[in-house]
Each structure stands twice: as C-alpha cells, then as structure tokens.
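One chain follows as structure tokens, the form predicted on its own.
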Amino acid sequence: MRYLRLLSIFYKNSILKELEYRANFIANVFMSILWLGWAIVGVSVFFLHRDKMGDWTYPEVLMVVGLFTFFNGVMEALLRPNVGAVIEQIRDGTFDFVLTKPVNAQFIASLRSIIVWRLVDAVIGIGLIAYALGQLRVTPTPTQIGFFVVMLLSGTAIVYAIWLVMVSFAFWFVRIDNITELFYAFYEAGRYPVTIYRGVVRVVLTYIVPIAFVTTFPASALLGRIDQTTTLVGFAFAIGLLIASNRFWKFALRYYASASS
C-alpha cells in the first residue's frame, strides 16, 4: 500500500504538469489517433491484394495492431521517460538521490514518471481490439478472456523486464540510445502476427526478443487459438524474465560510479 500511495503521488504530479499545457495535450492525443489510422491504412492496403496475411484475416490482424498500439502506449507512457531520466542521472551522478531514498531503487527509478497523453495509445488500442471482435462477430468465452488477461499481464511483464535490462546497461555504457532503438526495430515486427514470419526470424521474435508474447499470443488467446498450456508457459516465461532482469539490475548497480563515491 505504501508503494501504491507513492505511485499515486508521482502520477498526480505528472498529470498536473501535463495539464498546464492543455492545447499540447489535445494535439498529442490527436497525433496518436492519426498514427493509429495510418497503421490501419497500411494493413488495409495489403488486404486489397490478399484475403489473408498468413492464416490471419483482416479483422484478426487489426487485433494484433491494437495490441501493438496498446503496448506502445504503455512503453511510451511509463518506461521511456523513466529510462531517459535514469540515464541522465547516471551520467551526471545524481542517481545517488535515488539510491539514498528509503524505497526500492528499482521501483522509483522505473516507475516514477508518466507521460499521461501516451496512455491514449493504450486506450485506442483496446478500442481497436473491441472493434475487430465486432467485425468478426465473435464473443470470447470467459475462458478465452481469462487467457487473454493472463497473456496481457505476461506481455506487460516481459516488456518491463526488457526495458529494465536495457537501462541496466547504462551503468557501463552511459548512453544506450542505440540499444533502445534496436529494441524498437524488433518491436516494429510485432505490428503484424509473428506467425507470418519463417525460420530464424520467427524463433528470434518468439524466444530471443519475445515480441510474440506481447502482440500475437494475446490476440490468439481471444480468438481461441491457444490453450491453457501455452498460457501458463507464457506466464512462467514472463515471471522468469522479471526475476532475471531484477538480478541483472542488482548486479549492474555494483558498477555505479556515484558523484560522491
């Protein structure tokens, strides 16, 4: 409860800062909607020439695009601003103030700030999923919804773990812009179902940079294409990544050269 109270204070301050410039907030929301529309246009152009993308129909691919947009919103709202702040603090030595606070350093370093308008991406992503289900005239069963929720939570945990590992590299390399851009290059492949890729590319996107667990598998859960075993494997994989990323973070902290030594 203590950490929840801290989060409420952090995010309240972030919201108040965003609302100081309301016109900017509205403009950014409009841009989020515009970019989603552009992504839908790209998918629509493909389906003007083909009936399916792999074994996925147009509304089913829209579900994957919706999940891609949802997680992009989560990353841009919660992870990118905090990662950027940690990099700057490590560079100028002010990360000392994070380590000396009477709270978990990983918690405050990775979740302290939020860019509120970016959460619009998450909302419209869920809206696109609902629209696609309507187009399919599919009503997921309670079991499918349960699998979807588990896979959504697993995807969130996986994304968080990957970003935590990336920010941990800053203790050695200081600037990790190239690493984050490399991740986004892989993440762009998740805009479409991972099952359309073949060979090494599919293996990489499933197990090395597990984008499949973020976009494709949650959509498959709503469509009844994955079973309980796959869902549990995805959940266990996410927990394993969270534990591994936490260990790596603690290991990296030993190499922090503070301003005060």
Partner chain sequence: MLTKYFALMRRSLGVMLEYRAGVLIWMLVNVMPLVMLAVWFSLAEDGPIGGYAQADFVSYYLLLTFMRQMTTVWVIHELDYDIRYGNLSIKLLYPFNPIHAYMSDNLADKIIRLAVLIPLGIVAAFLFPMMRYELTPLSVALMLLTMAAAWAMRFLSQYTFALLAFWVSEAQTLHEIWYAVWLMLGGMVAPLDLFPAPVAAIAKYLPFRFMLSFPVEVMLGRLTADETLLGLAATAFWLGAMIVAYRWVWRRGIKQFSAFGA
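These figures come from a predicted structure and were not determined experimentally. Numbering follows the first chain given and starts at 1.
We do not show the form predicted together with its partner chain, though everything after this point is about it.
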> Judged by heavy atoms and a 4.5 Å cut-off, are Trp38, Val45 and Arg175 together in contact with its partner chain in the predicted bound form?
Replying inline: yes
> Leu152, Ile126, Val116, Ile179: which sits within 4.5 Å of its partner chain in the predicted bound form by any heavy atom?
Replying inline: Ile179
> Since exactly one of Ala236, Met31, Val200, Ile208 fits, which has a heavy atom within 4.5 Å of its partner chain in the predicted bound form?
Replying inline: Met31
> With the cut-off set at 4.5 Å between non-hydrogen atoms, does Ala185 touch its partner chain in the predicted bound form?
Replying inline: yes
>> Does any part of Leu232 reach within 4.5 Å of its partner chain in the predicted bound form? Heavy atoms only, please.
In response: no
>> If we define contact as a non-hydrogen atom of the residue within 4.5 angstroms of the partner, is Ala189 a contact of its partner chain in the predicted bound form?
In response: yes
> Quick one: is Ile196 in contact with its partner chain in the predicted bound form, heavy atoms, 4.5 Å cut-off?
Replying inline: yes
>> With the partner left out here, which residues of 128-149 have a non-hydrogen atom within 4.5 Å of its partner chain in the predicted bound form?
In response: none
